[in-house]
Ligand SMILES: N[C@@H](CCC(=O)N[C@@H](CS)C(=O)NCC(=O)O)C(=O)O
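Shown next as C-alpha cells: one chain only, the form predicted alone.
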C-alpha cells in the first residue's frame, strides 16, 4: 500500500518562510526532516475545536497543536530524530523549546503585529488572503486587536518596546551560546528541537522588517548560519507547500 499522505492545514508561505505561522513552519519543517509525504491546504481555525492552526489529517485522524502533532508523528514513526538522545539532551531540548515557543514567540508576535514597521509587512501579507475592503478592516479591527489583547494577557505586551526587544535578544543570545559551533542544536545531526528553533529564528531573520531582534541576530553569526543551514537543507531546493501533488 502507498504511504499515507498527511494533509497539513496552515496559512500560506510568506517572506521565504514555509508559512505565515511559526508553529505551522515548525510542523512542515518536521515533516521534511522525517521525509513524510504531505500536502498543505488552507484552513479556517474557526472551524476547528481548538480554534487555531496548524492541524493535520493523518489518514482520517485530526491532530491539532504543533507539539501534539509532533508527539503523534514521533510515536507513529518510532522517534526517528530523537531516539538516540540521552536524558540530558532531551532536558536541554525541552527547555530550549519552551523558551522559543512560550517566550521568544511572543516577542516575534510583537515585532509583527504591534511594532508599526513590522505590522506594515504583516498587514500586506494577510490582506492578500482576504476579500478587498473588508479584508483591511478585518486585519486592523479584528485580527490585530485580538492579537494585541492576547499579547497583553500573556504579559509581555504590558512592557515597553525596548524591554520587549531586550528580552527577545536575551533569548537569541542564549540559543547562540548553547548552539556554539555545532551544525545543529544538539550536535552533528538534526533533531526535532531544530524544527522549533528554525521556525522562530527563521521567522525573525527572514521577515522583511528591521527591528532590534533582527539586528541582534545579525551580530550572532553562528545563529544566522544555523538558521540559513536549516532553511537551505529543508527548503532550499523544494519550495514550501507539500511533497506530493
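Numbering follows the first chain given and starts at 1. All values derive from a computational prediction rather than experimental measurement.
The form predicted together with the ligand is left out here; the points below concern that form.
Using a 4.5 Å cut-off to the ligand in the predicted bound form, not one of 116, 118 and 124 places a heavy atom inside that distance. Heavy atoms within 4.5 Å of the ligand in the predicted bound form are found in one stretch of 173 to 181, 208 to 216, 28 to 36, 50 to 58, which is 50 to 58.
Interface residue among 161, 146, 136, 158 relative to the ligand in the predicted bound form, by the heavy atom within 4.5 Å criterion: 146.
Proximity of residue 62 to the ligand in the predicted bound form falls outside the 4.5 Å heavy atom cutoff. At least one heavy atom of residue 105 is located within 4.5 Å of the ligand in the predicted bound form. Put simply, residue 23 is close to the ligand in the predicted bound form: some heavy atom of it is within 4.5 Å. Taking the partner from elsewhere, residue 67 is found to have a heavy atom lying within 4.5 Å of the ligand in the predicted bound form.
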